[in-house]
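What follows is one chain in structure tokens, specifically the form predicted on its own.
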Amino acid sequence: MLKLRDGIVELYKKVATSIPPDIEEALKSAYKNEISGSVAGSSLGIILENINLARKTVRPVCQDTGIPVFFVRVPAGLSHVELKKSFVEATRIATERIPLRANAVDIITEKNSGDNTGTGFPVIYFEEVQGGTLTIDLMLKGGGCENAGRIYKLPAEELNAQRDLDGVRKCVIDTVQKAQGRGCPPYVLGVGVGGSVDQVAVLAKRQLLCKLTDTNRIGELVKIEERLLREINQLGIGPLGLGGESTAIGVKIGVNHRHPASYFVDVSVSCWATRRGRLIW
């Protein structure tokens, strides 16, 4: 497990210090769409400079290195207990070596552990799969954008949102409007729809692992994702909430079956520094 631990440390380094190519390309496209010399254009220019500088100096892209969230697909026979030990050890090492900001705070004592480990920290989701490949996806989820996310129970009278995809659309728009630039747009929005609160929260976060260039396998969801992106960028909130055409660069929606009595929508907001990466072992 020692080599795996070191591989996870390197994954932390990659994710903390570089932005995925699809996110960077989307930010460059957004920059071109803003008026030259505008506040929005200048803000995106600074963001792109920051991305380039972080890559060259191998330093974190953002001072808030967030909550580490792992999605792990595990071949049958590998111990989840032993794997978790490797993740925790790698987190401690990465926090000191990269360095990562210490973000794990005890709920009762308010004491920071100092190494990004603690009860339920980092967050790890295991899924057993066939075959012999261990796949580890890491997301560093900033606190500001995490706070901008929202969960809805449909129907929602205040939004005139019913239990259908148009109701889901209204939830996403409402989330962005209420954020009003908090959480550092341009955003990537992950949306989960299903029958229980815990299920849709995880599903929404999983959508943030999708590349912006990926196409949803469900045609109806492709249409609503494209419509949402257009409508969100017509709100005028813009980069960092300072106005402009680029409030979001991506919307990804995942759905599960639901109970006849329940229809939940979770909207997970990611800032422009959408930090994710994969390790295949």
Partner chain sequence: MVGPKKIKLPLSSEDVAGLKVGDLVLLSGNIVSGRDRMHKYLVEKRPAPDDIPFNLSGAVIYHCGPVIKKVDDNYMVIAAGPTTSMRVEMYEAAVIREYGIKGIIGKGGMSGNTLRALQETGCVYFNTIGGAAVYLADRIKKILDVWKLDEFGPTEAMWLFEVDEFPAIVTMDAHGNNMHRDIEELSLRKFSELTR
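Because the structure is a prediction, the values reported are computed rather than measured. Residue numbers count along the first chain shown, from 1.
There is another form of the same protein, the form predicted together with the partner chain; it is not shown, and what comes next is about it.
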Exercise. Which one, 195-203, 156-164, 76-84, 118-126, holds residues whose non-hydrogen atoms are within 4.5 Å of the partner chain in the predicted bound form?
Worked result: 156-164
For this session: Indicate whether the candidate residues A26, S113 and M139 are all in contact with the partner chain in the predicted bound form, with contact defined as any heavy atom within 4.5 Å.
Result: no
Exercise. Between the options R150, R101, K211, R92, which residue brings a heavy atom to within 4.5 Å of the partner chain in the predicted bound form?
Worked result: R101
Exercise. Heavy atom to heavy atom, is G219 within 4.5 Å of the partner chain in the predicted bound form?
Worked result: no
Exercise. Does I173 reach the partner chain in the predicted bound form, with heavy atoms at most 4.5 Å apart?
Worked result: yes
For this session: Give a yes or no for L229: in the predicted bound form, does one of its heavy atoms lie within 4.5 Å of a heavy atom belonging to the partner chain?
Result: no
Exercise. Using 4.5 Å between non-hydrogen atoms, is V251 touching the partner chain in the predicted bound form?
Worked result: no
Exercise. Judged by heavy atom distances of 4.5 Å or less, which residues of 209-243 approach the partner chain in the predicted bound form?
Worked result: E231, Q234, L235, G236, I237, L240, G241, L242, G243
